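Only one chain is included here, represented as structure tokens and corresponding to the form predicted alone.
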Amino acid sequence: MPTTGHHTLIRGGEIVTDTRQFRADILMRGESIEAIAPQIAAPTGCTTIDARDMLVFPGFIDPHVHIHLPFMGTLAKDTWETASKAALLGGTTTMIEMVCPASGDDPTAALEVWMSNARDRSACDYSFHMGVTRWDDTTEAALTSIVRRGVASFKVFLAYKGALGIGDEILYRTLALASRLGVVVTAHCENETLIAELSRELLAAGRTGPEAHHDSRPPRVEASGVDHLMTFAELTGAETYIVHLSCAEALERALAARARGVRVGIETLIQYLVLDKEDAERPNFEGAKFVMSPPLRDRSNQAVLWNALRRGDIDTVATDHAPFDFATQKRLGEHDFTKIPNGIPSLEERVKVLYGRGVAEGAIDLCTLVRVASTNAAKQFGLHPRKGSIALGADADLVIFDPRARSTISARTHASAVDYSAFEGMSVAGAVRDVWVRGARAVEDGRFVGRVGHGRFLARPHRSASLSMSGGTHG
């Protein structure tokens, strides 16, 4: 179908996709990419953008964020206005948020809460993973209806006992339903019982500070959670996706399952690649800024994760963005580490750190950057080729990136509503210069110029022939 609308021509940039690099012009018309060629004549009235000496990426996709998040007695600080601005300033044009209903909440009502918080408030495109935290006589029908609406992935927690965590019966039923519907189940892999018991012992021994958080959920606990999920996935035939994998032990178990035919995608986080458990051990309660689950690991794991990205063993790099203020919210756990709201804000920093500490320092190449921060997520979650690609007819989600620039990360300059940055003072090579979302300029010369409300809900297809989906690709 021809696209109507204004033309924008990006001239002379080095285009980077998941498989190749080449110099060419890109012509956007309306919301789509209309032409890609070595030289394109500018149509009458066209806006022309000079991208010489610049890299041109497809819009980046963060497949794991928390924006509306009631958690541990408090509420995450960002709204869709602040979060989507932060995302765009960091080159992310699409986010997939986790819907996390409390254990007794109706899933349909919970989804509507999450959708209403994003509707008309996001400057970038968005979708959701539907959290499963209960199972009764109505759950299967409710989840099936939610999949029809285009929320074609579930989320389960094998952690947070008495809150978001689920038992084996719900895990089995969720995976079995997902297998029938043709949707992927994303999973937080730990062990809620082990964590609860280890935490109790640590507190009884007087270890109450944030540095004890790691020992309440050591690598073996995460690895056992991966093994547990893989067993259930193997028996049900469900496709799974491990979120925020942090360590060598968990990676080994996931790859072993993949080798025997289990369908499993693997995600790590930008935090695990550049921060480590010593950050969570900083004195004067500063370590609380770095408390998340699974926790930051020993620094030796960083090389393992970078190597796995380079080999293609790890599919995606996300953020698990979960912003809680240090001055007020993190201090809820000042005398008990189990009460520290879990999460590290990282939405705006993901791509700049992945480039600056990954590409610029030789850990990964540019095509790997695009694969793990954009294309693989689009393919995993039913958004490709409209998202995650630079191709004719694809959405005109584009990022012009200046590899010669250098920036220093600070809470003083980020767009997120949270009061600290976990990457404070980190100097990185490269900077996002310009961003478009479906052909509309959102960032110009590093400044947000987009429109709150421009972002659309992305209805994603499932793979079951027995279901018909209401609406199109974009709801």
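All residue numbers refer to positions in the sequence shown, first residue = 1. Everything numeric in this text was worked out from a predicted model, so none of it was measured.
Although it is not shown, the form predicted together with N-(aminocarbonyl)-beta-alanine is what the next lines describe.
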Note to self: Within 4.5 Å, heavy atoms only: does Phe381 come near N-(aminocarbonyl)-beta-alanine in the model of the complex?
What the structure shows: no
Margin query: With a cut-off of 4.5 Å between heavy atoms, is His68 one of the residues that contacts N-(aminocarbonyl)-beta-alanine in the model of the complex?
Written below: no
Item checked: Proximity of Phe157 to N-(aminocarbonyl)-beta-alanine in the model of the complex, heavy atoms at 4.5 Å -> yes
Margin query: in the model of the complex, is there a heavy atom of N-(aminocarbonyl)-beta-alanine that lies within 4.5 Å of any heavy atom of Cys124, even though the partner is absent here?
Written below: no
Notebook entry, point to check: If contact means any heavy atom within 4.5 Å, which of 73-81, 307-315, 342-350, 201-209 contacts N-(aminocarbonyl)-beta-alanine in the model of the complex?
Noted result: 342-350
Notebook entry, point to check: From the list Arg386, His244, Arg357, Arg149, which entry has a heavy atom within 4.5 Å of N-(aminocarbonyl)-beta-alanine in the model of the complex?
Noted result: His244
Checklist line | Option touching N-(aminocarbonyl)-beta-alanine, based on a heavy atom within 4.5 Å in the model of the complex, out of Met292, Ala110, Leu251, Leu177 | finding: Met292
Next item on the list: Within 4.5 Å of N-(aminocarbonyl)-beta-alanine in the model of the complex, which residues of 296-329 have a heavy atom? Give them in sequence order, or say none.
Entry: Asp320, Ala322
